[in-house]
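Only one chain is included here, represented as structure tokens and corresponding to the form predicted on its own.
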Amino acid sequence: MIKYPEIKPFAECFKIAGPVVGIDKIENGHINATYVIACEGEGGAQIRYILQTINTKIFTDPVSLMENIKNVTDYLKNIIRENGGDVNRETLTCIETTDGLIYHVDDQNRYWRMYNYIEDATSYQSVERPILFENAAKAFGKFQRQLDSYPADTLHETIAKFHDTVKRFRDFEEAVANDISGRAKDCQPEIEFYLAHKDICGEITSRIASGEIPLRVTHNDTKLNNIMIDNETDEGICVIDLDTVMPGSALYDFGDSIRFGASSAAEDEQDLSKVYFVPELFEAYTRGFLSEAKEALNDTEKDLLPMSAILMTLECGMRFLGDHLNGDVYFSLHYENQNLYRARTQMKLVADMEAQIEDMKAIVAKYR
């Protein structure tokens, strides 16, 4: 018997290899509902796909989102082919519907999409071994380099001002002022910590505005689990979760990777004594990222790599705490107060990175 039989009709709206023989749900991830669809192909071979619903509360223009993904992945496929790579493993493929579209809209106005499933590879939720982090860094650096000549201004903003930290700070101030959930009284130390960092929020946006750093095609959600790691070689082979691919700064991508990966603990660890910044992991990621991307970055971007780690961690913490104050309307929760615990871990990491900023600058200097 197939699990989640209610999902089967949506899978069958796409050009799949054969009858659906299995459906599993992937529980990781904050935003979209994700399923693995197994089909019986020619000769009985099993062929798998990823089927997702797009969260249209967050991504309000799913058509433009899918246009971004299709255009960027097609562009990457051309580069991969030119370099003798495997387009079926090194980038995502949008599977067409039976109507020839790259998304399906059901009678409840839900948007569905399907990708190829990348076999013999793993998406890791934490840095189990430093080599995984370094190889993920190489993959994100390669992604940045491969898209260096892509015209960023032709992409849609799938979430307006997604990494505009000045705006994120204003949103946070508004969440504090409104206190929709009535929770502000119970998290005053956390609120005060984030409010005290207002002065650094414009470090990247002001330089984009001045032209000191260029607008680039960026991923904007560069967590370790958005890289598929080859099971045999440990190499980062494919960048996934492309919903937030849009114009931005390479610093957003670097900084968010450090935020997620150079931490000693899970994003929602409740015991803060277990949470600290790991400089060895910062060095591993910096080495890997710059080995692929340094020729594409200018000197100002390289100078700001340590600051970007602080800023992206700060931004994410503000978003977690703001969502907690707003009644948990954005990030998916698995238990009560999870957003508050997430916000606290980001606080601890920001403080640790601020204390070690000179060491971080020295590491960047070794590999730039």
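Sequential numbering from 1, following the sequence displayed. Computed from a prediction, not measured in an experiment: that's the story for all the values here.
Only in words, not in the display: the form predicted in complex with a small molecule, which the text now covers.
In the predicted bound form, does each of E190, L272 and L349 have a heavy atom within 4.5 Å of the small molecule?
Checking in the predicted bound form: none of E190, L272 and L349 is within 4.5 Å of the small molecule.
Can you say which of 74-82, 174-182, 96-104, 237-245 gets within 4.5 Å of the small molecule in the predicted bound form, counting heavy atoms only?
Careful reading of the contacts points to 237-245.
Hey, in the predicted bound form, does A38 get a heavy atom within 4.5 angstroms of the small molecule?
No - in the predicted bound form, heavy atoms of A38 and the small molecule never come within 4.5 Å of each other.
Is C316 close enough to touch the small molecule in the predicted bound form, meaning at least one heavy atom pair within 4.5 Å?
Heavy-atom contact with the small molecule at 4.5 Å: present for C316.
So in the predicted bound form, does D221 come within 4.5 Å of the small molecule, heavy atom to heavy atom?
Close contact exists here: in the predicted bound form, D221 approaches the small molecule to within 4.5 Å, heavy atoms only.
Can you tell me whether M307 touches the small molecule? I mean in the predicted bound form, with a 4.5 angstroms heavy atom cut-off.
Contact check for M307: no, nothing within 4.5 Å of the small molecule in the predicted bound form.
Looking at F169, W112, Y150, F162 here, can you tell me which has any non-hydrogen atom within 4.5 angstroms of the small molecule in the predicted bound form?
Selected option: F162.
Among the candidate residues Q146, N226, N135, S263, which is the single one with a non-hydrogen atom no more than 4.5 Å from the small molecule in the predicted bound form?
Of the candidates Q146, N226, N135, S263, N226 is the one lying within 4.5 Å of the small molecule in the predicted bound form.
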